[in-house]
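Before any questions on how it binds or moves, here is one chain, the form predicted alone, in C-alpha cells.
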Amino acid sequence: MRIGLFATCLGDTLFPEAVKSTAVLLARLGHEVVFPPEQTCCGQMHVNTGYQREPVPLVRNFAEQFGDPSIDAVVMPSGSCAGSVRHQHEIVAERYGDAALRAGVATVKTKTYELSEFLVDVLDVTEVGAYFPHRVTYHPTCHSLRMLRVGEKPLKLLRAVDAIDLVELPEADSCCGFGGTFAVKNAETSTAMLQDKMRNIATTEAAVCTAGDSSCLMHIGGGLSRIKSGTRTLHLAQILSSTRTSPYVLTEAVR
C-alpha cells in the first residue's frame, strides 16, 4: 500500500520523532510511505477558533497534496488533525469553497486515518513487533475518543507490545484541559483540568504516559515536568516503532 504521511504542525515543529516513528512503523509493516513536500497546516486551529473562511487555502492544499490517486491512504499521528480532515474540511468546503474543493475534500476524507485506526481497521493488525519494557499508562485524547471514536484500538495495540507493563489510567476519558486555544483563553480552567489528569497519572506510577496526539502530550508533559513527577510523555507511534533490535531508550524524566 502507498501511504501519504501527514506530519501535522506540532509534529513538524516540535515533535518530529512522532512523525519519524510513524514512517518507520508503516515501512516496517511493508508499506511505501510518501511525504508530499508541499503539505501545510490542515486548518484545524482556524476552524476551532471560529475562523471558518480563513483556512480555505489550507483545506485546498491538503486536498491537492493528498488527493493523488496513487496514494491509497493518508495517515497521521494525530486524532485531532484526522478529525479535522474528516469533519471540518467538509464544513469549510460546503460553506466557502467551490465545486472543485468540495470534490477534492470528499475524495481525501474517505482515505484519511489516525494511526491506530489505520493499523487496526485497515491493516487488521494489533501485533506490530513492538518491544517496550516499561510501565505505561494511556490517555485517550478527546478528538480521537469523541470525534473519531477510535475506542479500544490504541489499547489493543499497546496490549500486544512485548514486555510492556500497561496500567489503566483512572478517569481516562476526562479531558486533559488543553483544547488548543482553550488553554490560552481559559488558562485557569485548563490548569485545573490538567491537575486532575496529573493526579490520576501519578496513581499509576507509570514511567510513561502515552497518547495519540502530540498536543495533549505537550500539555500533560509540561505539567508533569514542572512538578518533577518522574513520569514522561511519549507518543503512541514511538512505543509501537520500538523493537528489540532497535529499542527506544527511555531517559529518566526530571524528578
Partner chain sequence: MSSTFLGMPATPPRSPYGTGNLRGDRKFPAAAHDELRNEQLRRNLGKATHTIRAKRLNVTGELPDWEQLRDAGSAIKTDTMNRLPELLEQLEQQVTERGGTVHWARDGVEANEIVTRLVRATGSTEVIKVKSMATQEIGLNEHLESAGITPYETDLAELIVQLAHDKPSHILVPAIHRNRDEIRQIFLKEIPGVDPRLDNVPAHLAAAARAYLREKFMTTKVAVSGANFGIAETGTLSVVESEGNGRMCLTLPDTLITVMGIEKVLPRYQDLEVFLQLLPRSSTGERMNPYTSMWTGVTPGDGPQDFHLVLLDNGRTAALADRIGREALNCIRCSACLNVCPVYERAGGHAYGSTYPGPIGAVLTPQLAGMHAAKDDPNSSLPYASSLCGACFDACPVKIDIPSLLVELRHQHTEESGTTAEKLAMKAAAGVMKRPKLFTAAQKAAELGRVLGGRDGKISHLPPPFNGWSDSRDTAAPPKQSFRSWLASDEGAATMRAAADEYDRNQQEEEK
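Everything quoted here is computed from the prediction, not taken from an experiment. Residue numbers count along the first chain shown, from 1.
Keep in mind the form predicted together with the partner chain is missing from the figure; the text below concerns it.
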query: Per-stretch contact check against the partner chain in the predicted bound form, the hit in 162-170, 117-125, 77-85, 91-99 (non-hydrogen atom, 4.5 angstroms); finding: 91-99
query: Any non-hydrogen atom of A183 within 4.5 angstroms of the partner chain in the predicted bound form; finding: yes
query: Contact label in the predicted bound form: Y113 to the partner chain, heavy atom within 4.5 Å; finding: no
query: Close approach of I239 to the partner chain in the predicted bound form, 4.5 Å, heavy atom; finding: no
query: Any non-hydrogen atom of D196 within 4.5 angstroms of the partner chain in the predicted bound form; finding: yes
query: Members of 203-235 lying within 4.5 angstroms of the partner chain, judged by heavy atom, in the predicted bound form; finding: M218, H219, G222, G223, S225, R226
